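Just the one chain here, laid out as structure tokens, in the form predicted alone.
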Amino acid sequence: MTFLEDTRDIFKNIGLHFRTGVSYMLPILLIGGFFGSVAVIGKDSDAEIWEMFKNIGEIGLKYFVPIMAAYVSFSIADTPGIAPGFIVGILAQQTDSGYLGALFGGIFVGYATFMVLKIKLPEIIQSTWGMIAPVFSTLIVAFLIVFVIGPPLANLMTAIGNMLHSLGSKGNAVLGAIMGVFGGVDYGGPFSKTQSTFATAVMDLKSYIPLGITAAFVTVPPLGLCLATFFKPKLYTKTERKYAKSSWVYTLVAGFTEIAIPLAANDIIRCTVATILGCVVTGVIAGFFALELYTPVLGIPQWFFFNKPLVYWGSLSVGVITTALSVNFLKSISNRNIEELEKQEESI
């Protein structure tokens, strides 16, 4: 491939590289967040066990950003990109460009490493070039982070942090509504992942309300659609009713939005309208009452790390009921032929 073709291929798949980085980052963040949250229990104790928990939490919350940068770079340049990405990620933190700096740094250093490795050199040098090339790519991108893109990104991150911390109840409610639209529109797809990534990213700014909002509505779509089948079973096929009966418990335990997909697939527009409404309502309530989550976990574990458990359960319940009533109303005024759908299911 030519230089231009390689460049186009890499940047065409930026979403894939980003998701790879996030998938490796989340376990680090989960471990750090979990132990950091547990350490709060023993904050007044002198026992070494609580100090150990605190240290583990600090390590996870400190290094999740450079780990993301390392594996964004890895996704582009394979193993040679890991070390440059990690170093650039730490450099981004030190220059206060944070999550965004690490993300761009991981992309650029992965790209630079990939391209530097393709340089054709005399055979005597080529044999060791795989170890030397990452040094040059790190130097190039480190210069960019410190002197070019770092300062404006640092200013942007500071502005985002100040904005999030200055939002009052109404501002957080608006934020919750916007995030709710993204969270209810595609059942764990790109839009949903975008808002959840944002919520995770701003943890680096010590802002935990966005994560609380996300955690509040993440199960609204599946629980709302499951509840709807219990309210008006005649609006649903046998397969949909059976799936709903077996899925709501798993939804609570695991906390995945994707569980809603089989219930929404046969009536995607009406279901999506209903789940957006439910997620927006939940997001507004959670934002207004400043619901915070300190650990990026899903399902049962997250119940123990909300600052306001009653707000969580209240906002979730209202959103689930909103989704259930909305989807049933929309289905009741539609021409959806249940008998025909059941025949199609039987034939399949």
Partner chain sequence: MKIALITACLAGLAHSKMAAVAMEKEAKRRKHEIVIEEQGGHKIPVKLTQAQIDEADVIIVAKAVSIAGKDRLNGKKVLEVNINRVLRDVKGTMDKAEKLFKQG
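Numbering follows the first chain given and starts at 1. Remember, it's a predicted structure, so these values are computed and weren't measured experimentally.
There is also a form predicted together with its partner chain; it is not shown, and the following applies to it.
Colleague: Would you point out which of 201 to 209, 258 to 266, 97 to 105, 234 to 242 contains residues with a non-hydrogen atom within 4.5 Å of its partner chain in the predicted bound form?
Modeller: Looking at the partner contacts, the answer comes out as 258 to 266.
Colleague: Even though its partner chain is not shown here, does residue 332 get within 4.5 Å of it in the predicted bound form, heavy atoms only?
Modeller: Taking the distances in the predicted bound form, the answer for residue 332 is no, it never comes within 4.5 Å of its partner chain.
Colleague: Report yes if any heavy atom of residue 337 sits within 4.5 Å of a heavy atom of its partner chain in the predicted bound form; otherwise report no.
Modeller: Residue 337: no, not in contact with its partner chain in the predicted bound form.
Colleague: Would you classify residue 188 as touching its partner chain in the predicted bound form, given a 4.5 Å non-hydrogen atom cut-off?
Modeller: Flag for residue 188 set to yes.
Colleague: Using a 4.5 angstroms cut-off on non-hydrogen atoms, would residue 27 count as touching its partner chain in the predicted bound form?
Modeller: Residue 27: yes, in contact with its partner chain in the predicted bound form.
Colleague: Of 195, 172, 75, 229, which one comes within 4.5 Å of its partner chain in the predicted bound form, counting heavy atoms only?
Modeller: Contact with its partner chain in the predicted bound form is made by 75 alone.
Colleague: Looking at 298, 56, 290, 318, which is the one with a non-hydrogen atom within 4.5 Å of its partner chain in the predicted bound form?
Modeller: Residue within 4.5 Å of the partner: 298.
Colleague: Under the 4.5 Å heavy atom criterion, name the residues of 6 to 23 that approach its partner chain in the predicted bound form, in sequence order.
Modeller: Those in contact are 16, 17, 19, 20, 22, 23.
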